[in-house]
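In the form predicted on its own, a lone chain appears below as structure tokens.
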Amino acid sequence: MNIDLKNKRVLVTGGNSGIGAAIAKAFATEGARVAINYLANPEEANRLVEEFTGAGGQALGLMADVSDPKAVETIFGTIDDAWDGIDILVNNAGIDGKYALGWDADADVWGQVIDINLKGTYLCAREALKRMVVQRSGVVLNTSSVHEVIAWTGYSAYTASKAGISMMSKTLAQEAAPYGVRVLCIAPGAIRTPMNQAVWENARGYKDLLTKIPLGRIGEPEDVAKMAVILASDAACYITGTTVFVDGGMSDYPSFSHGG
């Protein structure tokens, strides 16, 4: 199986923490050149860049708000200047937003989740695809979630954004396929990251969470990272326009395991 990513030019948005950092590390380990986009915690982004370059690799730290079209154009221009293009985009930047029932949600807060998760994913994909269709190769891997198919009370913006990413990716995949470019989603389930730390650090919350996961354990960022590397490689060269769930079976609705 071919997982050769040596010298591939990779951008990981939201790449300085959690799943994004694990994905960035996985690509760097495979010999790829990795650009790490971030908005906050520049110290962690710089630490990763130093780690990758110290191991003999190439890396960039690129601060930008992915919901800002001009900022997105700038980071892709910087990658062009450094590496003359891009081979793999991992759209990982995202937020879950503030808990609120739909009728109580603040419209601006609701819209911010859509702007970062959905619009940001689109803006980065647009810039990547402009380059990939010309070179007739490339992979856009968008981070969705089990919540593209599982409702989540209090987080209608998040679920809407992830379902939107899924259908947008299918459409972009359809458009890009004639140019040899693949577009698909990776959908994490419950992963041990700062985003859901309040749940897995709480004994009662953690016990409840495990009832939702048939494999009986919470996922680790590395579980997602390993699959991201595979999906972006030629080992997955016949996969596009779909979502690959990395969720321990959560999207299999384990509450129905004993019948309806």
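Fair warning: this is a prediction, and the values are worked out from it, not measured in the lab. When you see a residue number, it is the position in the sequence shown, counting from 1.
What comes next is about the form predicted in complex with beta-D-glucopyranose (BGC), which does not appear here.
Within 4.5 Å of beta-D-glucopyranose (BGC) in the model of the complex, a heavy atom is found for every one of D96, S145 and M250. Comment: beta-D-glucopyranose (BGC) is not present in this chain, but in the model of the complex one of A190, V113, A176, A125 has a heavy atom within 4.5 Å of it, namely A190.
A heavy atom within 4.5 Å of beta-D-glucopyranose (BGC) in the model of the complex is found for one listed residue only; from M63, I230, L215, M195, this is M195.
Proximity of Y158 to beta-D-glucopyranose (BGC) in the model of the complex falls within the 4.5 Å heavy atom cutoff.
Heavy atoms within 4.5 Å of beta-D-glucopyranose (BGC) in the model of the complex are found in one stretch of 165 to 173, 105 to 113, 134 to 142, 150 to 158, which is 150 to 158. No residues of 103 to 119 lie near beta-D-glucopyranose (BGC) in the model of the complex, the criterion being any heavy atom within 4.5 Å.
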